[in-house]
Ligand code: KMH
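Below you will find one chain, with nothing else, as structure tokens; this is the form predicted on its own, and questions on how it binds or moves follow later.
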Amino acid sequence: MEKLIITCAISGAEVTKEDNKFVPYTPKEMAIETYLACQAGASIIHLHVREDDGTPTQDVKRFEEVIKQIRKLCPNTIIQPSTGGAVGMSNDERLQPIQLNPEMCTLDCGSVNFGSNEVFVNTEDDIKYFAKKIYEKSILPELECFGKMHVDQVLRLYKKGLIKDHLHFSFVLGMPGGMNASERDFVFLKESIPKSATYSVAGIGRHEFPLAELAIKDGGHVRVGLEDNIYLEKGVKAEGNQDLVKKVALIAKKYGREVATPDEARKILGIKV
């Protein structure tokens, strides 16, 4: 079984310090959280950025500043900026971080209700536009799917040549308005993608570690982090992203899976070293 890629989503756009005091806002905080997560075993950092007061932003200058600070501490880590941004942002606003030519970035593959009156909109034309801009810069997209219909959308666009190899899916499960985080639904999704594709699973909240274990046993990969879950276990808040990464690394050890380094992750994903 190939080595396990651990992605760490260190901050997201929604969770705040009021939820967990270790959620990073400033470039320095993000660099420290990245360093600690990487020391624990993360090889990819899924990156949203914030203003110093916690306000989410897609400003390219803020991404550049944060990445510069991260690179001082973690020169070889794969940095995966989010092009999801936050609900209500325009496409070009969301796409700003690809100007920095990262190795990877996210590509959201369909719309989803986020609860209440929030709808995260990604039309088919939006997805085509994002894909075109991403591939023009030879960036590997992580294909974020909140349900089976998003996987089907990817496969339709793949047949048309608009989404290209290598296909690396991220199943984000347990989100309000998205697909359930049950084992049944996990199996349904991972059996719906081509055998040549790779996948990572991100369980929201209490679903994080049960889904991580399923993916580890299956040979898939895992995303954890304070963006998705602020608890180490019921009633016990994580004291930083590294706690969540360490727990996944321990699960991997239980099943005899080694954790991939950044360069090993690049090889698995077909990113040129």
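What you are looking at is a predicted structure, and each value in this text was computed from that prediction instead of being measured. The numbering used is simple: start at 1 and walk along the sequence shown.
In what follows, reference is made to the form predicted in complex with ligand KMH, a form of this protein that is not presented.
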Query - Contact residue in the predicted complex, from Pro141, Gly85, Pro97, Gly110 (heavy atom within 4.5 Å of ligand KMH) - result: Gly85
Query raised in the report: Where does ligand KMH sit in the predicted complex: which of 65-73, 201-209, 232-240, 41-49, heavy atoms within 4.5 Å?
Result: 41-49
**Report entry** Glu258: touches ligand KMH in the predicted complex, heavy atom cutoff 4.5 angstroms
**Finding:** no
Query - Any non-hydrogen atom of Phe188 within 4.5 angstroms of ligand KMH in the predicted complex - result: no
Query raised in the report: Do Tyr158 and ligand KMH share at least one heavy atom pair within 4.5 Å in the predicted complex?
Result: no
**Report entry** 4.5 Å heavy atom contact, Ala249 and ligand KMH in the predicted complex
**Finding:** no
Report summary line: Contact check, 1-35 vs ligand KMH in the predicted complex, heavy atom within 4.5 Å, ordered by sequence, gives Ala13, Glu14
